[in-house]
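As structure tokens, one chain now follows by itself in the form predicted on its own.
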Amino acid sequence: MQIDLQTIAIKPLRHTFDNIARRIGADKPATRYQEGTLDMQQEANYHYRPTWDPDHLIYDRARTVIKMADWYSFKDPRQFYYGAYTMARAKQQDTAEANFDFVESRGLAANLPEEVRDTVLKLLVPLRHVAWGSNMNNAAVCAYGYGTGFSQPHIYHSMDQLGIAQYLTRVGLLLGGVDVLDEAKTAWMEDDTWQGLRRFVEDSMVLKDPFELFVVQNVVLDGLLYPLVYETIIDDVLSAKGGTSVAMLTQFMTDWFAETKKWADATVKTAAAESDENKAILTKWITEWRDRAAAALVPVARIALGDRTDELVGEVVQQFNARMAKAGVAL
């Protein structure tokens, strides 16, 4: 008996949802990022205004002075929706766990020069409080920002910062033990070295404009802190003094910043290109908060850099200015 097998091509009646098709065209298949992002913001059928803020809707464009004709102009270059985000972070977590296991199993932490160990504990462990502040700030932007294209990445950023705080805690426990955490908290609350940065973080936590909060936290503070601490101090200065194992323990932070700054830059560039008014507002915000952040980071950086502090902080600021110029905001 002979059997003839034939294939039949079935043309789908439509490639995606109607709201996506209105944006990209009916004949073009949509990505999962597009289907999980575009027009997902609720626009109607609100039962009441928030009793704690009756001047605004639950999701309200008026919460920020930044104006956009279309809030879905913001695109994440990483194309992160929940599935893509969790898979990316799972791979990075595997790498981080392998690095911690490598350092612990080979006794590299015990072989750190005492000077490097003391510097790392004094510098890195209090920064877990900064990461917690960022966790709260990014959750706030997600809660009060408008448009899924803008707000969605912030909840991922929030959870990333919680993870960073946990990694910094593990570094402290590995290199110094439980008492180090209490000492770091005391330094964060009382040591003059940290009070400028602590005030910066606390002032940011009461900002009402979600876009300004995005600028202050993810553009300015992270844009100066991560290149200064993890790239300059950890990867360059301390590694040259025998602290290579510390660079392994903080690899997640270095890789994370290299990835997330692409999203932050894309967001700034889109908002600045929308109008001259937006660009003027962004320039004012970034300039004012950049100067505050740089001043707050100087005494913190001096823990590791000593006499070279002003020089290297200045270089980081110049790199930040050049980065913002590429994003369309000349400082």
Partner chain sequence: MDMQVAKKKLGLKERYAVMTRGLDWKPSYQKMEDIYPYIAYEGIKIHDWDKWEDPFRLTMDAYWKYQSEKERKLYSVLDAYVQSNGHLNVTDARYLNTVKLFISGISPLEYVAHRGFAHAGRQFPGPGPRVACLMQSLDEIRHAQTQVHAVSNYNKYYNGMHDFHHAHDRVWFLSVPKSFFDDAITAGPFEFMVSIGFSFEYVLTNLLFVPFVSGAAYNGDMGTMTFGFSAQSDEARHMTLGLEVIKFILQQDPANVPIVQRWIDKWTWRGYRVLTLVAMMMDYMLPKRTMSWKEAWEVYFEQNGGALFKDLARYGIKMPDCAAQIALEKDHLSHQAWSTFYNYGAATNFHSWMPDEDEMAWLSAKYPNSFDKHYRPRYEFWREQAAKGNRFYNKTLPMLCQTCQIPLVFTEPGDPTKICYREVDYKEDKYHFCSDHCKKIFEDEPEKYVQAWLPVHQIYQGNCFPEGTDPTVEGFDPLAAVLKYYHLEHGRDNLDFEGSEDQKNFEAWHGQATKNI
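Residue numbers count along the first chain shown, from 1. These figures come from a predicted structure and were not determined experimentally.
Here the subject shifts to the form predicted in complex with the partner chain, a form of this protein not shown in this document.
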| query | finding |
| --- | --- |
| Answer option from 98, 247, 108, 139, heavy atom within 4.5 Å of the partner chain in the predicted complex | 139 |
| Options 214 to 222, 89 to 97, 257 to 265, 234 to 242; stretch whose heavy atom lies within 4.5 Å of the partner chain in the predicted complex | 89 to 97 |
| Residue 132 within 4.5 Å of the partner chain in the predicted complex, heavy atoms | yes |
| Partner contact for residue 71 in the predicted complex: the partner chain, 4.5 angstroms, heavy atom | no |
| Contact test in the predicted complex: residue 309 vs the partner chain, heavy atoms, 4.5 Å | no |
| In the predicted complex, residue 83 touching the partner chain (heavy atom, 4.5 Å) | yes |
| Heavy atom contacts to the partner chain in the predicted complex at 4.5 Å, residues of 250 to 278 in sequence order | 252 |
